[in-house]
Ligand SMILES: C[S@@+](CC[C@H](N)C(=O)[O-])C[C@H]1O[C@@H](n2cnc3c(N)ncnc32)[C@H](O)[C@@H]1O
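Just the one chain here, the form predicted on its own, laid out as structure tokens.
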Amino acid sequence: MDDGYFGEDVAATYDESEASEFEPAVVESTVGFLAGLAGDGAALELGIGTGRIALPLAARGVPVHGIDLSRAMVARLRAKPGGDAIGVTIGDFATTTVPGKFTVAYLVFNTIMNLTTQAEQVACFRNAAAHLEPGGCFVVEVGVPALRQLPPGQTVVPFRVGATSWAYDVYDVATQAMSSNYVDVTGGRGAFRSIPFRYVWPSELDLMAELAGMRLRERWAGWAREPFTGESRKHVSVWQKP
């Protein structure tokens, strides 16, 4: 089993490259939301990565277990204070199972899109539901597809433009496939990296939840429970198991 698209080259700089997601206000609002759902139970993070959310959530007294395919990312988690105390199972979070039951399972920061087929995303919902206690919740944070930003006839949306680095998303509206692409120039030499995703609509996620035996409990535009509207760029959705 390899690390997929999140090997050592990505893990080494992940925290720095996604620095805005590590801002204290972002982390605190996310952790507070999840801790409230966890209550006195345990939390399961699908795609635990370098521990951005798991570590502060555990520090609040919530037992956390994680699943992740990338050993390189998990090694960064282990190197952080408290990282050794969090259980992690290496595997595909769409199908990998762990012992125990949880009051909340969650996927943050677009991680559901790392599953690049509809079948894998459906399997993920079923896997999350199987790990939840009755009344437990599955939480997903993911962007609303940016198709409205596409000029007619174009399929590319830049999201980072710098003097020596560029990043852009490419959309295939026929298949819901997309990719995030990165170009970096260092010392006069260029490097290119592309990571595939599958974008997914809120209504499609609701149907996946229903197939897994869960129903939508709440949907917000962010972790601070801002109202979700037609103009929202992302959503935080909570589905509940009966």
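One-based numbering along the sequence shown. Superpose the two forms; the largest set of C-alphas matching within 1.5 Å is the rigid core. Source: prediction; values computed, not measured.
Below, we turn to the form predicted in complex with this ligand, even though it does not appear here.
- Three-residue candidate spot G135, D206 and W239; no residue lies within 4.5 angstroms of this ligand in the model of the complex by any non-hydrogen atom.
- Residue heavy atoms within 4.5 Å of this ligand in the model of the complex occur in exactly one stretch of 87-95, 159-167, 142-150, 125-133, and that stretch is 87-95.
- In the model of the complex, Y171 stays away from this ligand, with no heavy atom inside 4.5 Å.
- Contact check for V104: every heavy atom lies farther than 4.5 Å from this ligand in the model of the complex.
- Taking the partner from the other structure, this ligand in the model of the complex has a heavy atom within 4.5 Å of a heavy atom of I48.
- Mapping the unseen interface onto this chain, L115 counts among the residues with a heavy atom inside 4.5 Å of this ligand in the model of the complex.
- Applying a 4.5 Å heavy atom cutoff to this ligand in the model of the complex picks out V108, F109, T111, N114, L115 from 95-116, in order along the sequence.
- After superposition on the rigid core, displacement of the C-alpha of A19 between this form and the one not shown amounts to 2 Å or more.
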